Ligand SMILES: N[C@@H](CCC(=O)N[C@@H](CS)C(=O)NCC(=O)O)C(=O)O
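Next up: a single chain in structure tokens, the form predicted on its own.
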Amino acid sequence: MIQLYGHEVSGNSYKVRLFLELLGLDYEWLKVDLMQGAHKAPKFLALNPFGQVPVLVDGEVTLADAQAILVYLARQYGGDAWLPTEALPLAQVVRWLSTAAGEVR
């Protein structure tokens, strides 16, 4: 089962949770208590050396960074409907991922 490490006040964690729901995927939500410094604990740093949420674990795959996770989920489970392979539509998706990571946030 997919595991998602995050925190409810994290917008990046929310993006990934929302996409998992849109894809209809079952996942286990694992709260990382940011207020208690759990993201800086050695066990969590083994998943993401940057000490940031979200982190997705899908079998042997461990990914950090919301945008990277969204791309992975789109390609792995959503196909072309969520992540096109043609140049222009793909560039448009990447543009929105960049916008969501910076300006909008």
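Keep in mind that this is a model prediction, so the values were computed, not measured. In case it trips you up, residue 1 is the first one in the sequence shown, and so on.
From this point on, the text means the form predicted in complex with the ligand, which you will not see here.
Review point. Taking 4.5 angstroms as the cut-off for heavy atoms, does residue 78 touch the ligand in the predicted bound form?
Key: Residue 78 lies outside the contact set for the ligand.
Practice item. With heavy atoms only and a cut-off of 4.5 Å, decide whether residue 65 touches the ligand in the predicted bound form. Key: Because a heavy atom of residue 65 falls inside 4.5 Å of the ligand in the predicted bound form, the answer is yes.
Check your understanding: Any of the heavy atoms of residue 73 lying within 4.5 Å of the ligand in the predicted bound form?
Key -> No.
Exercise for review: Considering only heavy atoms, tell me if residue 53 and the ligand come within 4.5 Å of each other in the predicted bound form.
Suggested key: Close contact exists here: in the predicted bound form, residue 53 approaches the ligand to within 4.5 Å, heavy atoms only.
Review point. So which bits of 6 to 20 sit within 4.5 Å of the ligand in the predicted bound form, heavy atoms only?
Key: If the 4.5 Å heavy-atom criterion is applied to the ligand in the predicted bound form, 6 to 20 yields 10, 11, 12.
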